[in-house]
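Same chain, two versions here, written out as structure tokens and called structure 1 and structure 2.
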Structure 1
């Protein structure tokens, strides 16, 4: 900061220390820190230092704003919780008082001090050191201006499950165009496979099909099924997306969806996707009766024509000549302003738990197989039977948490397993009258009407055994045993080992991230958690946004959740997208990296490191350029550049070194006697 005559002036800095109730004050002597800052950092420009119970409150913000005006402050330091939570809050208070918001700096003495220390004396000294470093840093700040980008009103929604459908409809209903991309032949996702939904036992198809039809016929939604996103470039407001439309070998402009082609197709194929291996489809097919769109797809891997060059029954019988066996994949590109990722989940492979016998014992079923079995449109027409297709079970065991809450597989709870298992128990009782055992660790029935449903299942006579199942044994291998299986479990309530014979076992398998979630995250410039789910910007305050502006996430792509929560997240992402579109322009943080072309050696070390794909290389000039609007200011490229050609606004060498020196000066300087 320099005066008119070119001499460096000491800025006037205000330091504000928050108690955060007892979150900070319980471990840090806040009054002592504020007093120390005023006395010891006066030479650094601190002219006012105050403490307040809740600095983020309206009164706390007004305290800061009033001091900016009265004390003519040109820098502000707030020692409170993480900037991730309240940086915008305090920058807003500074801006309202007429100070450039980027001359306000936060230091975290909650997460970095009070929450990680128990010694109050040492914690107080550490807080002083952090504040000293922040004061030294803020002296090097310069006023910054936000970057504004225009927002394209078109939105891309990736994933045609209930979350993606909900988001697409909400956005399209506001009059803004949407591209809805789904990799399968029809939208609907996993919900299309279900029979009933808990706790109301509504028919899943009855709820979902109207939404699917609305999305398929909506004038504002451009449906791209049997398609996958291949490339994403650009930044919020201006993404360029390339989508591969896989060849259906059907001309959709001529097809009427009459169904003659798959009726006449002579090739039966085991359906290991929609019917999860319990039923068959034809080589040309739609996944299910209510599919949207109604256009079929030819499975190239099983079609006799593509195998041997013969047959063509579908082409011969098609009344409109819609079969197009020479059709090729098509690559389409378009621009969008925002992207919603609703790519869903995969079901845990129960074969990974060999002691439960799935794939080895014939009458062990996964939860999704049982859903298809219960469905009236499923392979057994809704009859609950054993693998032989006719025997009705007399005793059924339902095992919770298969692959969930297990350090060998997934530590997390899959959220839906308890209620799903209760639903299965009800359906077995209702349709077969069989005796039902539910083997559980804990029952979690926390949402609206969930516990009431649990009480209903109890009253119906379902038996509950608390304990993790150790093994499922083939009864025929036991002395004097029969064809039934035996479930070995420790009943933790009764305090004993139990061996319970059953005819059928249903495994409530865990929900897992999609197998390609990591690749998708990299493609869209977002990140995944340690468990593999897409990471939100903040789990409580911003659960549908990501760290990349303009990329939003919804449904089970973010973690296990039930249908109501999934729908709510779909609507939430739509609200965020529409709010961006309504602004026409979006103000972005000016904390961005930039390259000094004269210094850049063209080594390209930084090119492959950017997690947000913001770096491009110009072959003609042999220099790197950082796309300002796409950069998130993470600093990865700055640290990697061997020539020091990359700098980051707000994180210059002078600022970082000043902060380090400010902290060290306190940490190694004894208090005066």
Structure 2
């Protein structure tokens, strides 16, 4: 560090070593480390070195603050847990004591030392080395001011399931505009497909449709259905988004949603999306009766006009002349300050478990098929019947955890299938009186009123068999068998093999990340966990934010969850977004690169390296400049500049080199005395 008159000043550094109860102190000799730091790093400017039980506690923070004031510390090093947990805490404490927060650094002697090593002597030496490196590094620090960016008050919500609807409504209700982008012709998501919802058995449509129409008619919500985000640029506060509005071939200005077109359309198409292959729709259609918006779309792939050039029945009959067969995709672009991703889940493809016979045995159904079947507006008008469309089953087997909790498919628990299976058992009992078997591994009914629902289903007489079903056998193939299927399972409570004949099987399939979740994550600059769900900034303390400022996540896009939880997350993202908007501007980490113009040779080596287009070249002066607001601080250009003209706050060459020297100044094990 250098003073105003260019003379090198000796810094006054305080080192604080945390015990973290016994988490650190159990493996690292914290007293020894503090003593060593005071004695051996004195030359480096360490004037205070202390250890304390819990540095992050208010007393611990006060200890640091007091030393900053009394000992006139101008640098602080906290050796404790990971900076990802408590950097903010300690920087805040430093700031309250009047020190520039960026002059306070942490080093992780818990995650990187005491929790991963066992030998106390070696762990202690490593802790010293890390502290020595951080002290050397912090000496090179200079005070930084955080950068502020203005927050555009408009928000983009991607995905119009219940999570996205909730987020959009909550934000729009505060008076800030929202774009809600949904790739299907209507909003609603999976919930629109259901009949009843556990545990209260409310009718899904009755609770969802009011929300959908509210979102559809809200003056603050700009609904873009049958649309997909094509490009995202920029950063928190100021993203530029372009959205492809796929051609509907319907002029939405003129369409009243009267439905004459789809009554008149002669082309029947198997609906493998909304009706999951159980029902039919027309080539011009809305996915369901209560669709929002009411406007239909023409499916180009199946429409006779697009195939053969003739038909135009819809055009002939439309009373308002709204059919627009010449329509093209349209690109719209707009600016938003924050983005909520609520893209939901895909259902596990049950064909991947061949021994369960889905797709081969006609009376094996998936959970979504069963939902559609139960739905009064569905393909069977709510009748629970076999694939022939008329026979009512006398025995039904419901199999839990299909594709979940199974190392061949997904290790995780899909969270909702136990309750969904219990709901199905109830519906079968209520509507057919059939005998119902539930095959489960464990019953997980942990949320409010869930276990009560389980008790109710038990009392209704549903039978429970604990064990993973080995196979569903085609009865016709068995000697003396009939058209019924036979479920083969090891009953792990009774300790025996069972062969249970059933008429119908329902597979409670896993919830999986969307097939394109990886691409969407990449598009928005966020990450996915190893299972493929969007990763939260912190799984416990920041569950709806992501590592990328201004991008929030809600609902099943973050992992399997039920509707109450999904809705809570939708509201949570809204609260986060509105809080950013209310702050009007946001302080960002000041870790940024900049070019010393006098040193830049104009070689342009750095020019192509920045993915955020932060690097611009001035032809007139033949020098490069970095746009601070666009720079994200990765430091790639810094490492590339042959002239050493680019530097990066927080991670300058001097800072990194000093840290290497400091770390290497401590031997692997203590010198023998």
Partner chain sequence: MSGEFEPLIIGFTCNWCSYRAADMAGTARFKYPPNIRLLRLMCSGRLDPTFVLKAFREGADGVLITGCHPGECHYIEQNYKALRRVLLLKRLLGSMGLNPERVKLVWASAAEGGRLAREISSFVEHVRALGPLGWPQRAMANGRYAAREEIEEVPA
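If you superpose the two forms and keep the largest set of C-alpha atoms that fall within 1.5 Å, you have the rigid core. Numbering follows the first chain given and starts at 1. Here the structure is a predicted model, which is why all the values come from computation and not from measurement.
Shown first, as structure 1, is the form predicted alone.
Residue 120 is among the residues whose C-alpha shifts by 2 Å or more between the two structures once the rigid core is aligned.
A movement of the C-alpha atom of residue 614 reaching 2 angstroms or beyond is seen between the two structures when the two forms are aligned on their rigid core. Residue 313 shows a C-alpha shift below 2 Å between the two structures [criterion: core-superposed Cα displacement of 2 Å]. Comparing between the two structures on a rigid core frame, one finds that residue 646 has its C-alpha moved by 5.9 Å. For residue 623, the CA shift between the two structures after superposing the rigid core equals 9.3 Å. For residue 27, the Cα deviation between the two structures after core superposition amounts to 2.7 Å.
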